[in-house]
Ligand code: 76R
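Have a look below at one chain only, the form predicted on its own, in structure tokens format.
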């Protein structure tokens, strides 16, 4: 029986699952990969729910699965279906896609045009705002309803904002936090086209406040963006980072073959 859908009022569910292969079960239960492939096919059959599979570098896991979609019940069903395969869970992370509360508003863009470009003529302002609205709409759509790209490498880590003495992010005024995040975002935008950043909210859902998924064809770009952003005040004073997991993104059948599971 298909469970009733459970959908958030805003955003999609995001589930990161990490496994090691149970080699003994894999030997005793031929066709273990088929359980995974069938589960992924069921999950993605509607054309909306998406999966990325990746083989993990290092010993934190063998296989990673990133699943995204509106129905949390469908996400849980995928998790349950994968348990039939000879896989042992090593870690998981639950989050929701979300918009940033620090995004620029249209009023702020109008004020910027007036202050920085001396634009006050209504027709000129409107001509400049039209493409801005289009960019913002695309950005918001991608944040809330992302399309997972076919990049070659992936890095995932959770993070929270620090609440320690004078370095308490939540004790700052909203205006100060927004100004700091604007500078942080400027660094991130310099990697547009090289790194796709999917930042998902997990406050109240998992142990950290956000999950960060970075996707890039060049693995060096994953290292560079995290390194550069750590010099920004948002990171140097106010960020706490969880464990990092890095992998190579490949199609499900190939990922399973690489970790020793055959269909």
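Residue numbers count along the first chain shown, from 1. Since this is a predicted model, take the numbers as computed values, not measurements.
Separately, the form predicted together with the ligand exists; it is not shown, and the next lines address it.
Exactly one of the stretches 86 to 94, 139 to 147, 114 to 122, 67 to 75 approaches the ligand in the model of the complex with heavy atoms within 4.5 Å, and it is 139 to 147.
At a distance threshold of 4.5 angstroms between non-hydrogen atoms, residue 161 is in contact with the ligand in the model of the complex. The ligand in the model of the complex is approached by residue 100, whose closest heavy atom lies within 4.5 angstroms of it. Although the partner is absent here, residue 50 sits far enough away that none of its heavy atoms falls within 4.5 Å of the ligand in the model of the complex. In the model of the complex, no heavy atom of residue 179 sits within 4.5 Å of the ligand.
Listed residues 26, 39, 229, 215 were compared with the ligand in the model of the complex; 229 is the one with a heavy atom within 4.5 Å. Interface residues of 164 to 200, taken as those with a heavy atom within 4.5 Å of the ligand in the model of the complex (partner not displayed): 169, 181, 184, 185, 188, 189, 197, 199, in sequence order.
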